[in-house]
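In structure tokens, one chain follows: the form predicted alone.
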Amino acid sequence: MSKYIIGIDVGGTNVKLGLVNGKGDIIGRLSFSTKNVAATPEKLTAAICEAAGAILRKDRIPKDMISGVGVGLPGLVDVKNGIVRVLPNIPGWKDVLLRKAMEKKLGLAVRLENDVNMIALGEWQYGAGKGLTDAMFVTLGTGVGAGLILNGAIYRGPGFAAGEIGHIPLNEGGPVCGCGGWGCFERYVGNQELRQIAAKMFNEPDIALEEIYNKAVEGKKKALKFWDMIGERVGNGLVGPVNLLNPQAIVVGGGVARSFAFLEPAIVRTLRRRSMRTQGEMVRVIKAQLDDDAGIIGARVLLHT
């Protein structure tokens, strides 16, 4: 019988855990609020380990049937040494020896990974990226990130920091970004910017992106125009990476990807028009399939590669 793994997706809002079988199916779930236990790295680590134990008890799985634990984290992770270098949206996390602490508490093998890389691994093996050897897995939401599969393997870079597509500068000026730069891709298509554009376009200060999606489904011209404009912005930001990496596909996920049907024509149109011919004609733009489960399922790939 194939052993199970525990996949853990640590976010700034919630921590989600899943018990994953040998087929990549999540057969047990558990989640809790991050903010309630985020006062110190020690408290959050203890809560994660307690939840991991709870999911085993809940589903009556003996520990010897678990081959390991994979943890996706929203920040810079030293995968080789099991160290969380920094989590920008969770205070206090600097050079935390998380793997060692979790293995001591759980008595199980633990591997750490950046959360977007974990999503890329899940989609690559079990979702929209199956069969691809070279692809970018792009998440569009509050931030913009990418996981890179190159030559049939995850590419992290020597500092484990590759894939920061959201912080590629699109011009010499532009708005200041939280990364310390300016004119970054993320500052043109991140949720905060989209909400500001929407507020002006619809003359509604608190209009939600979900509402604009619903309007687009209804065929409202202004909503369709909004998503077409955002799709063009996304396409512009992807031209450089497409020219550089020549991927087979771009798999688009994250919260904004719900509107993929309205974004995709403009993304493709822009890539065809602005990319170099070979790269632009070759690349496909695909919607992610695994939604919020990609990171948890990706833990299985991480632990078995």
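From a predicted model like this one, the values you see are computed outputs, not experimental measurements. One-based numbering along the sequence shown.
Same protein, other form: the form predicted together with another copy of the chain, not shown, and the subject of what follows.
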Open item on the list: Given the stretches 122-130, 182-190, 204-212, 102-110, which is the single one in contact with another copy of the chain in the predicted complex, using a heavy atom cutoff of 4.5 Å?
Closed with: 182-190
Open item on the list: Quick check on residue 150: any heavy atom within 4.5 Å of another copy of the chain in the predicted complex?
Closed with: yes
Task: Interface membership of residue 154, another copy of the chain in the predicted complex, 4.5 Å heavy atom rule - done: yes
Open item on the list: My question is simply whether residue 240 lines the interface with another copy of the chain in the predicted complex - judged by any non-hydrogen atom within 4.5 Å.
Closed with: yes
Open item on the list: Check residue 171 for me: does it contact another copy of the chain in the predicted complex (non-hydrogen atoms, 4.5 angstroms)?
Closed with: yes
Task: Option touching another copy of the chain, based on a heavy atom within 4.5 Å in the predicted complex, out of 247, 254, 68, 41 - done: 247
Task: Among the candidates 79, 97, 162, 224, the residue which, in the predicted complex, approaches another copy of the chain to within 4.5 Å (heavy atoms) - done: 162
- [ ] Decide yes or no: are 26, 288 and 292 jointly within 4.5 Å of another copy of the chain in the predicted complex, with each residue judged by its heavy atoms?
- [x] no
